[in-house]
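Before any questions on how it binds or moves, here is one chain, the form predicted alone, in structure tokens.
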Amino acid sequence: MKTVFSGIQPSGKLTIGNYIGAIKNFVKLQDDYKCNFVIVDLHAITVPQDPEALREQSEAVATLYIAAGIDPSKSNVYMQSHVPQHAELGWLLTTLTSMGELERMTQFKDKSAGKDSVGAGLFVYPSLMAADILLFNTDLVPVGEDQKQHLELARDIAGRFNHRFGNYFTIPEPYIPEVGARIMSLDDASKKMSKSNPNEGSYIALLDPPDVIRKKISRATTDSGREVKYDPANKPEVSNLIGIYSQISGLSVAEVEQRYEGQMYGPFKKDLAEVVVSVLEPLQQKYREIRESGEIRNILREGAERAGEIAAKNLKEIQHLMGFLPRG
């Protein structure tokens, strides 16, 4: 079986965009691939974090993974910091990465823009991401548009290592699902729905109560027209809502259009809210059960143990190829 790796930072709230664009696909992938779904807390601290909030959000994200259908008996779900080989390989790969490559990373430019002081961790972030992926000789990486550049760097680093030290690393490929990869903001369809958006009305969080979901969807931006029609170029906001409806309900876009032919936005939005609530309420109930049981700590420990065994073996081989003396 081929290997899949994906990491998500425990900062901000997971949204329905994360669910549709990523987590739903993770649940499908785990039946056909060896999967590592990692909460990348070492990446999170490249910008300042409140320690208590980081602990809470780390556990919340891990629990949401399980509540959404990721099976810990099939996939390794763990904290990045619990497998120290991530950080160790991150340093080794940093020595194979040029300043110029890191300076060209658009995400670094965006996050550092206008700041008087920027941490070195944010600068070398892509080398650690490369280590996350390459540590397991990953074949496929589910990746959004904002991370494509980082994956390309990981591929370059892998090729550089193989050329210098021998053919060891698998060159990872992006995995981009045909549908559901990009859900846009509820208040501005030109921007991706993001858990870091300061406007809470712009996204639906997976743990939003039903009444909050209904209110957010009722207030979602549409346009001055009346037709429930999928036309991203001319009706981007309405098209985004239709896309959400389609992905959550399982109906095709055409079926959604047909269902609301001749109706205005009000009934469409009302029904969309109920469709979203019907999917998220069971997920939220499962989330509460897992949190109350304390089960997530055992899941994370067992996931880290399994991943750690593979990581330790692979890092030992990598160190040997680079010329390090063996321990003991």
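Keep in mind it's a predicted model, so treat the numbers as computed, not measured. Each residue number is its position in the shown sequence, starting from 1.
Missing here is the form predicted in complex with a small molecule; even so, the following discussion is about that form.
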Query raised in the report: Which residue, 241, 228, 133, 93, has a heavy atom that falls within 4.5 Å of the small molecule in the model of the complex?
Result: 133
Report summary line: Students should find that, of 79, 122, 143, 158, the residue having a non-hydrogen atom no more than 4.5 angstroms from the small molecule in the model of the complex is 143
Query raised in the report: Taking the partner as it appears in the model of the complex, which of 230 to 238, 125 to 133, 112 to 120, 206 to 214 has residues with heavy atoms within 4.5 Å of the small molecule?
Result: 125 to 133
Report task. Although the small molecule is absent from this view, report whether residue 43 comes within 4.5 Å of it in the model of the complex, heavy atoms only. Result -> yes
Query raised in the report: So in the model of the complex, does residue 147 come within 4.5 Å of the small molecule, heavy atom to heavy atom?
Result: yes
